[in-house]
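Single chain ahead, written as structure tokens, the form predicted alone.
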Amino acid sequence: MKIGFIGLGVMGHGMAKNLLQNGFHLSGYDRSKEAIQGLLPFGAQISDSPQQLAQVSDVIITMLPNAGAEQEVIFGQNGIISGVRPGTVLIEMSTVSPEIPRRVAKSGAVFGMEVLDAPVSGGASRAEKGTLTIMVGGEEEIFKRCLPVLHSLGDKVYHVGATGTGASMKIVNNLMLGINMVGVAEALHLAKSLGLKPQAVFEIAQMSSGESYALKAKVPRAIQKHHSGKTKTEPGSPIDLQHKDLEIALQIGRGNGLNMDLTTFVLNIYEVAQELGAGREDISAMIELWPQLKPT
């Protein structure tokens, strides 16, 4: 099976490397020519455009930062659609609104292209290890056909329903993370005002009812920065991307007539962090920034 991989950044690089190490023939494309250089020793080929990549691929994977980039590589000049072959499967692993894969599936069907939306969770370290959690939407037969590819990228692969449900699940998951991160930041500053040590709060809360991914994965970074002045960031979790995901959740919720007051409030806090110039920092920076994060 020949794989085409578009988007070889922090997450995509590790994912593509795992596919190569699992014996797949892989052609890669990224706007940054340097992004693919590290994959060449593993046998990757370079495509000059999404169109060229589509012409030689049985399965195409996209791992891009936003809907604009996703739409450009699929429908733009020299895009996937202009080179895709009937029967090719496009696996959209970018975090986007569920309307994007539904629209792509409808348009792609005209060219005989099949679509799965399969966003991931786990960050860059798990992308490198091939242990991502993958939530997949699309026809079950296509899902089963692509399982060897998906299992090369993640150890937890879930088929959650029709096209768009994978993207929906990822937005729900990231909404929980975004809200939890703000709660952890506020709780830690309350703990500090009460004379509690951050390390003690971390150790006890992770074994108690306050346990969460935001606590376990992000608080150690904040503690490390406090002691060393440096943050060991997880590049796949910047504030800018968390803000984008909260914005998608808010739009969908409002469109469905839901009360999204908490999401609105939390989104505003992330916007303040961006205004402070922290958009590219890991979301663990919300802890340090908390005294300045007063919603407008």
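A quick note: this is a predicted structure, and the numbers were derived from the prediction, not measured. Residue indices: 1-based, along the sequence shown.
This next part talks about the form predicted together with ligand NAD, which is not shown.
Contact check for Gln37: every heavy atom lies farther than 4.5 Å from ligand NAD in the model of the complex. Using a 4.5 angstroms threshold between heavy atoms, Tyr270 stays clear of ligand NAD in the model of the complex. For the chain shown alone, Ser94 is a contact residue for ligand NAD in the model of the complex, at least one non-hydrogen atom being within 4.5 angstroms.
For the chain shown alone, Leu53 is not a contact residue for ligand NAD in the model of the complex, no non-hydrogen atom being within 4.5 angstroms. For a residue to qualify, one of its non-hydrogen atoms must sit within 4.5 Å of ligand NAD in the model of the complex; all three of Gly9, Val73 and Lys244 qualify. With the partner removed from view, the residue among Pro98, Gly154, Gly83, Gly122 that has a non-hydrogen atom within 4.5 Å of ligand NAD in the model of the complex turns out to be Gly122. When ligand NAD is considered in the model of the complex, only one residue from Ala249, Leu64, Ala44, Val266 comes within 4.5 Å through any heavy atom, namely Leu64. With the partner omitted here, the stretch from 83-91, 139-147, 187-195, 114-122 that lies within 4.5 Å of ligand NAD by heavy atoms in the model of the complex is 114-122.
With contact defined as any non-hydrogen atom lying within 4.5 angstroms of ligand NAD in the model of the complex, the stretch 178-196 contains no contacting residue.
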